[in-house]
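The chain below stands alone, shown as structure tokens; this is the form predicted alone.
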Amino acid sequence: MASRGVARMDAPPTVIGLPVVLIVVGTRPECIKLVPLIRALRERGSLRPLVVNSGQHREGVREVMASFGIRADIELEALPPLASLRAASDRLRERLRAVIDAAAPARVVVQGDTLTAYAGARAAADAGCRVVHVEAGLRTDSVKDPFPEEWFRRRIARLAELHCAPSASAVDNLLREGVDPARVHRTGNTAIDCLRELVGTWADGDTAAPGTRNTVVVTLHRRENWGGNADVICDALLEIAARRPALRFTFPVHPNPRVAPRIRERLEGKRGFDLVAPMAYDAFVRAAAAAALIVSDSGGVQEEAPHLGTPVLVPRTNTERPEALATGFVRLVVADREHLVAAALTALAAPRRPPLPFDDAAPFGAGDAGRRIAELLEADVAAESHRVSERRHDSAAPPASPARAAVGP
């Protein structure tokens, strides 16, 4: 296994004798969103979750898992820099296929729209293993925007046998694409599970009081904001800072070399700007809850911020989360200096709204998606086991005796 890029594999899955569910994780957001499912499966005890760190962002995944008290069962070597997205996908696909062949899982779970999710789904399909897609059905109006995320999630949908959709629009998208309704389930998003759990531990006064918020939290990492768009967004932030000098900007800088140097070149050392390393999940959520405004191209932030009561400007041309826009907390703003500055000043001047409650009316679920998906997995594996058992019984049954003609008196 080591020669195929597997750095560590714990005790074989056959030791416990339970059907194995292979859960593939490659990035920090994937890790956060799969923790509730891993926990739910471990608590229920009818399936064995086997967690794989794909190596895409190996150290980041390690850190996030450790913060939740989880360790990968299988850890692949760090993915080296490769010449193209295709080359990286092929490398991950090959490594994950070797893991699938060794573990012989009943199901392979992938999450979202990452390189790891796509490579994991392809590897599972190659091996004839059923794919479960968590956060299925998110769509924009263009396969090329955002790229490659939109391309990945549409391709994964063609490979998945079980689609765990986070929202009503995600269900509609899958049905419109011709996916069998029996394979589509609205589960909510597991990100809300983590958020609800964390917010539930806060005491009164843990976040800033109304009128004292003077922070803008910024994240920027999407491919469509590399290059010139990053420059425009940074220039807009500098103008906002000039107009509102009391503000401080907390900017966790993504380590991607395509974006980090541009951000540092424009904002490092500027008055009011704190450029920091990627923050731990709980620290980021606390900062977001205490902020006056968030500027972010992250999909997850669009789901989380309404439950924190913090307005969000999304510097993109579209979003796969229309329900977030409908909450009134999230607004799309084209990456244009004038538009971003105007939208930010308007949001900062508006009165603070109460956060959305965690309930069944919430657009991305009430915070119980991990349990719901675990139940679907149990039912799906049990149904397949029953079908296999029936086929074996039918094939083992003796042939029926030929009917005898009735003999008259």
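None of the values given here were measured: they were computed from a predicted structure. Heads up: residue numbers just count along the shown sequence, starting at 1.
Heads up, the form predicted in complex with a small molecule isn't pictured, but that's what we're talking about next.
Asker: At 4.5 Å between heavy atoms, only one of the stretches 88 to 96, 277 to 285, 226 to 234, 256 to 264 reaches the small molecule in the predicted complex; which one is it?
Answerer: Selected stretch: 277 to 285.
Asker: Could you tell me if Gly300 has a non-hydrogen atom within 4.5 Å of the small molecule in the predicted complex?
Answerer: Answer yes; at least one heavy atom of Gly300 falls within 4.5 Å of the small molecule in the predicted complex.
Asker: Does the 4.5 Å heavy atom contact test between Gly370 and the small molecule in the predicted complex come out positive?
Answerer: Contact check for Gly370: no, nothing within 4.5 Å of the small molecule in the predicted complex.
Asker: So, in the predicted complex, is His307 in contact with the small molecule at a 4.5 angstroms heavy atom limit?
Answerer: So His307 does not count as contacting the small molecule.
Asker: Is Pro148 a contact residue for the small molecule in the predicted complex, using a 4.5 Å heavy atom cut-off?
Answerer: The answer is no: Pro148 has no heavy atom within 4.5 Å of the small molecule.
Asker: Could you tell me which one of Arg244, Arg186, Arg213, His221 places a heavy atom within 4.5 Å of the small molecule in the predicted complex?
Answerer: Among Arg244, Arg186, Arg213, His221, a heavy atom within 4.5 Å of the small molecule in the predicted complex occurs only for His221.
Asker: Select from the listed residues Pro49, Pro363, Pro29, Gly55 the one whose heavy atoms reach within 4.5 Å of the small molecule in the predicted complex.
Answerer: Filtering the options by heavy-atom distance leaves Pro29.
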